[in-house]
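Okay, so we've got the same protein chain twice, two forms, each given alone as structure tokens, structure 1 and structure 2.
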Structure 1
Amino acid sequence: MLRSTSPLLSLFAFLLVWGAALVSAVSTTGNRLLAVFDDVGEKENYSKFLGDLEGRGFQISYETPKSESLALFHLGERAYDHVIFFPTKTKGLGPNLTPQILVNFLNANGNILHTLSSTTTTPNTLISLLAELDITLPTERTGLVVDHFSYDTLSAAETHDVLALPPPVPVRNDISPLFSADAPAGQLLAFPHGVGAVLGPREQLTPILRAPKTAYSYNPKEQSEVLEANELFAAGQQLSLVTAFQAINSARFVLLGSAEMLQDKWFLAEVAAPGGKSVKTFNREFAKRVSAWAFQELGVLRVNWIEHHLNEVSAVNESNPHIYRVKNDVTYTISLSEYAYDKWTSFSLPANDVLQLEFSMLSPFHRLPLSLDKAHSSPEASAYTASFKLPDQHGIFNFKVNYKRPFFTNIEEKNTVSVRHMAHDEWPRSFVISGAWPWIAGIGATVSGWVVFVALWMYSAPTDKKVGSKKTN
């Protein structure tokens, strides 16, 4: 057995491991990426987008729907970690890409990025998959989104089918702006020849980019001079141009309504909104962020450790005990990290959002906000803590953190503990309880009165029987 190595060999081994770490996948779920094209030669139109993915460590395989070797599973395991579907003219994707297989791929923690185009009819397979996710496309399986007020005056001055949109802002104040953070002012997205979708009420669905209020979707093949309201598929913010779906197992699906916005020409193009100056598109950075989220490079949360313990001076503060006593003072702390492209960083709650702790049996007895614990935080992790008194109820309880927010992986942590009642020698003495003082005073008065009575009875002289007596014959 080799027990020693030369310094040169050790240095070479270190450099080898370091180099392997650099080219390893940045995604938390793997680096095997499948890109499905109608014709593999079409990938030249997306060379910059695909090159950015390869630069981030993904190993891309290119296939067509008709390829006999195409399979998402091998021996019951995922053959790929992520899939990108580019527009295809085939009505179906074949027996290897059925809706059930795609659903099983999501259930196996695989991720899918699906792109659309108004110039290409969406395959039936993907229409069925979208129906499973509660996403609806126009009946004709295509559609065109136009806007006569927010269009690119340089490339679509007449047709108004290239939308010039600002980077998306969150739909709620408590959602992290992953897709628009640090975007330069005045930047515009080019959304050419896109398709809009209507989302159902599922809580797993979140629009990343909505259409402007003045946009609408219609079938260009049935174009007439005047469009009736009942001829429109949807209009305004009913239309989701880029949609995110995150399953319960945190697998991700993204529907990108315009595949052309990923092409090289739109990465380098300039656009100008009506009455505005021409600016370089934000497409490349937006494509990076959307693909990073879809492939779990962004918005991934990790629980590093959880600790709960007694918070009492005279007690032995054991870490994570299995049993507590009613009315104990306890402290709960959870450490969280967020993944950003290639490293774990501390997790900061979005503005107006709250991380909560529940202490529950069948229903919560306490629901408390967790505050940042700077003493146990670091640049790689943030600790959140709360201190409280246990309820006056014995039984089986759970410390539970259930944090489910759009664009973040789900956190559901539960720690079960027993809460016992007080032992006979743990109750406070009666003289400590102020409510018992009247009863103690009554007992003292009764005892004192009895003692005085007994003392008087024992030490009082008996009466003289001769006094007042008369002698009778």
Structure 2
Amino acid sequence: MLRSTSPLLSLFAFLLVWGAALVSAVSTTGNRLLAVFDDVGEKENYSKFLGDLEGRGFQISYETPKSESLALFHLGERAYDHVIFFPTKTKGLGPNLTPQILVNFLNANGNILHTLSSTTTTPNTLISLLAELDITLPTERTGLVVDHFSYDTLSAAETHDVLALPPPVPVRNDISPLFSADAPAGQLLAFPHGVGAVLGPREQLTPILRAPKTAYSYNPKEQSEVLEANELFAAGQQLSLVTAFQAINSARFVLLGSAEMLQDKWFLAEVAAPGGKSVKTFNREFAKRVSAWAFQELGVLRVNWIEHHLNEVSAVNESNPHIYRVKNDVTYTISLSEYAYDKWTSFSLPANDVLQLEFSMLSPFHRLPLSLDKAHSSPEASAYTASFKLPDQHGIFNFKVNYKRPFFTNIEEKNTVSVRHMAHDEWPRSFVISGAWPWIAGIGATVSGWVVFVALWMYSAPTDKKVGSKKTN
């Protein structure tokens, strides 16, 4: 049932996973976390956030960009599984953290959480990394998001630069509400002194938290008096405050517009929107969810097994055969699990979303919804299945599940099978086809007629010679 791996390898993988699970409940890709600070002493401001991470099993190393021992790769392998960048004042991040290395880190399945702050300019290195991901920051490498309608009246009554926002709702209704689920009503999220980014059209990007429609971004140093319309960086929902990027290999990158919101003081503070009463911030829970998503603890999907077989009565009905025949009835089943902080659970589709199966050669011949198969599901895994008749076209086809949704691991599973033509003895026999009966009768008539003729010819006596001579005369 499992996809083809050698038994030894899967045993090894099992032991590895089991061993990892013993250590602590942790991310699916590893627990080595690197936190990059300008000055390691700053970590005191984030003690609750970092403590939460350690509590979830991460081993955090603290480094500054200037450190010469800092290396993301060791002998070609990742030295860390995840990286957090806290705001740094340096212009670049030095030769150990070039944009190329960071992209390679993503390519090697490493995850990055990157925080910004309006009080420090972002290093050039990270700007070029963001440019590769199609994320744009204001030209001066910093900016400040303000909103005169949904600011925190307690701490920024005058400056309006601490936004008080409700927990984020997904941008589309078929996306799983990972970051706001189960949030108590009326909860507010404090977003102090944050930077907004503009996202390009790339499909790997999804905003987790967008600015309210009335927010805008400006540069407090140069545009403190007048903000001209054509110099506006961006406004409203085009400003993404917290951005998720998931690469094709499902490595995750999160751009958090405000590092301050992770600080202890905003975990404990109370905020109040204009005209509202003051409530405790939602920041701690939000930080947990965002970091859990970034470090592969949330929204991680796993394909347990894929199975397809002939759905017909036949002598040999093996699993996952390499070859089918045209117009066979087949059944395809895929088993999926979802990871939530410390355990694999069964994966249930978000409302309004469907899992689809394609049966394709160059282009899809079938695109079918997969439905939940209770018989093969368990609390740890849910199976989805579809049965259909193969097209009347031979060729090399793929069973393809291409499930790429924001906030979920990319699932692109391709199982190649050959679909052959009818063999010479698989057609119905001629006497079964009623249209062939006249022809069969014709053959019968010819054969029997010939036999009768031969019999007559052989047994009719030769005519008398006299009669013969008479005739010729």
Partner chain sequence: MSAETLQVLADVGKGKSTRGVLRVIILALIAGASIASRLFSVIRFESIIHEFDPWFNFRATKYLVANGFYNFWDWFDDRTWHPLGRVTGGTLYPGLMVTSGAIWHALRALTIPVDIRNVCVLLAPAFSGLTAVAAYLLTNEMTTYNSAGLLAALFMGIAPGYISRSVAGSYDNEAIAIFLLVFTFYLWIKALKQGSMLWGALCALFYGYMVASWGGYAFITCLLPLHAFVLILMGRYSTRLYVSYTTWYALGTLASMQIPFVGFLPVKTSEHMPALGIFGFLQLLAFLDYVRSAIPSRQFQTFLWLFAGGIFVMSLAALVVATSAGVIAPWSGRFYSLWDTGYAKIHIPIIASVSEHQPTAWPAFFFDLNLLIFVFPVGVYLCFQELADEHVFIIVYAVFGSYFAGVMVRLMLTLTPVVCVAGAIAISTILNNYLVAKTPTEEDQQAAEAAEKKGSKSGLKSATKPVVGIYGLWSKSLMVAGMAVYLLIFVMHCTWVTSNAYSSPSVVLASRMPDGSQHIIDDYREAYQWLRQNTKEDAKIMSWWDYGYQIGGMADRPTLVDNNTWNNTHIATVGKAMSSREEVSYPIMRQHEVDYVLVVFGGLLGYSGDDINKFLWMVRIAEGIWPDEVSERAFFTPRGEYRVDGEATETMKNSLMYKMSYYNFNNLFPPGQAVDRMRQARLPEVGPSLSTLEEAFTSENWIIRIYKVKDLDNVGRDHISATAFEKGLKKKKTTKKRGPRVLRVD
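Counting starts at 1 with the first residue of structure 1 and goes up one by one along its sequence. So that the term is clear: the rigid core is the largest set of C-alpha atoms that superpose within 1.5 Å between two forms. Nothing here was measured: the structure is a model prediction, and the numbers come from that model.
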Given the two isolated forms of this chain, which one is the form predicted in complex with its partner chain?
2
Same rigid part for residue 433 and residue 363 between structures 1 and 2:
no
Swing of the smaller rigid portion against the larger one between structures 1 and 2, to the nearest whole degree
23
If the rigid core is lined up, how many Å does the C-alpha atom of residue 427 shift between structures 1 and 2?
2.4
